[in-house]
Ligand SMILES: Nc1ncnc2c1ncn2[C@@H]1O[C@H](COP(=O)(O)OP(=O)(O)OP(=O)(O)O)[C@@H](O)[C@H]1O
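Encoded as structure tokens, the following chain is the form predicted alone, with no partner shown.
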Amino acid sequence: MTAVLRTEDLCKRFGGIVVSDSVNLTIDRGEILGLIGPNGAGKTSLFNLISGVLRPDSGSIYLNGEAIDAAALYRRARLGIARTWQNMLLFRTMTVLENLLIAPRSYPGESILRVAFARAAVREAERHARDRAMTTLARMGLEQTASEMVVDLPFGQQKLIGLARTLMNDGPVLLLDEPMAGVEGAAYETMQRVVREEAEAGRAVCVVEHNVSFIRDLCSRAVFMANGKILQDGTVAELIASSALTELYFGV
């Protein structure tokens, strides 16, 4: 398989607290990798290092073989590292459609010169982004919410909108931070289907999730983290069967 994202000896500490301890991780094209472990294991911190929210103290991050250590957060997003957030970070005073329209990797309307001298191209990009946003909402059965304010929608729908916004970045990497927290019923099934479709389309997907059933149903491989370290890498069944990891995760 083709490695899309790779970390090499990635380290990060805050004083005496180590959140990433020589982490070596590889995610292949078309793979859904599960990242599990107890609270405080360093899972979200790893996502923050990969996406550029945090800078590592040492180690390297590679996207399609190219080091991106020096790339700023916005640059990594433009390179195609897309992620969700535990608390979604939706713009609650904006409509659903507006939340999606801010998320494409590139948008010519951000350039004053293009707005002034390439208005036709900007209008075409706006039309394309709007069409893409509506198509993405339709995949999730949420096209009817496009003009609604995010704050007025149920929590499960907000979680789906957070994923939809992330999908507006059509890059090669998709990082999902606890997408299933608080999600059940039809929203659960939709989330599962869409994540699987993204991997089938060739994305490298990594999912941080405490819902072991969700990980087991989607992931052929999983990584167990604790105290900033990767303790085991294997199939989901192998990790669940490990008595040592079960004790760390569930405390029994």
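So that there is no doubt, residue numbering starts at 1 and follows the sequence shown. This one's a predicted model, so the numbers in the text were calculated from it and none came from an experiment.
The same protein has a further form, the form predicted together with the ligand, not shown here; the description that follows concerns it.
Undergrad: Considering only heavy atoms, tell me if Gly65 and the ligand come within 4.5 Å of each other in the predicted bound form.
TA: Residue-level check for Gly65: no, no contact with the ligand.
Undergrad: Can you check whether Val19 is within 4.5 Å of the ligand in the predicted bound form, heavy atom basis?
TA: Val19 belongs to the contact set for the ligand.
Undergrad: Residue-level contact is defined here as any heavy atom of the residue lying within 4.5 Å of the ligand in the predicted bound form; does Ala41 satisfy this criterion?
TA: Output for Ala41 is yes: heavy atoms within 4.5 Å of the ligand.
Undergrad: Asn87: heavy atom within 4.5 Å of the ligand in the predicted bound form?
TA: Looking in the predicted bound form, residue contacts with the ligand do not include Asn87, since no heavy atom lies within 4.5 Å.
Undergrad: Identify whether the ligand in the predicted bound form is within 4.5 Å of every residue in the set Phe14, Glu178 and His210, based on non-hydrogen atoms.
TA: All three within 4.5 Å in the predicted bound form.
Undergrad: Taking the partner as it appears in the predicted bound form, which of 31 to 39, 190 to 198, 211 to 219, 66 to 74 has residues with heavy atoms within 4.5 Å of the ligand?
TA: Comparing against the ligand in the predicted bound form, the contact stretch is 31 to 39.
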